[in-house]
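The chain below stands alone, shown as structure tokens; this is the form predicted alone.
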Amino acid sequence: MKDIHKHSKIITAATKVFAKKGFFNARISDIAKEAKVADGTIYLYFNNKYDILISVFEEEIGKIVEQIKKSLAEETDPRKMLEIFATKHLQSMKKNKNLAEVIQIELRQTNKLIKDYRNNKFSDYTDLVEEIIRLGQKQNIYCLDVEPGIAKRIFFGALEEVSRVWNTSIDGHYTVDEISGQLLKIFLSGILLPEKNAAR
């Protein structure tokens, strides 16, 4: 019987190793060493290194998705909903800088592999932003000529970039609220209808 604690331990170790060495340079032995388990133990839980990376996205991002969904369920204003998404994301990335690094770098480098994996939590994650924008359009708050599928990528791309501030010595002093506030001010000024913008 598989040990849930050991499985989680391997995921945490893999996230750290992928962030430090990159997915392609990381070895199973590196992950095993970080997790303090035998190399063979890894294969009791995962088929290969790619399987581990997918599990990192599924499980770690899955946790964030559930947290954000729970918070969004209590809000109906699309502007507040985007604020909740941005704040929760930034809080999670600040707390888990290794995961932030994996998302920013590995998601691009292994893009073909991720695309081949259809049922992944990362798509669910970014789709939340698209759903919020569509809701705002239905409520006549967001411009109808904004394409939600493109807007979600712009919004998430901005979040990815500003998440890097905690990994730099120059900009690392910014708080989650400061970054979230600036991002939302810039983003919303571009998609709010003029009359809605004037009312803010």
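Note that the coordinates shown come from a computational prediction; the quantities given were computed from them, not determined experimentally. Counting begins at 1, following the sequence as shown.
Heads up, the form predicted together with the DNA isn't pictured, but that's what we're talking about next.
Out of E34, E131, E59, D39, which one falls within 4.5 Å of the DNA in the model of the complex, going by heavy atoms?
None of the others qualify; the residue that does is D39.
Note which of H173, K70, K138, R27 lies within 4.5 Å of the DNA in the model of the complex, where distance is taken over heavy atoms; exactly one does.
Only one listed residue qualifies here, and that residue is R27.
Based on heavy atom distances of at most 4.5 Å to the DNA in the model of the complex, which listed stretch, 152-160, 138-146, 41-49, 59-67, is the contact stretch?
Residues of 41-49 come within 4.5 Å of the partner.
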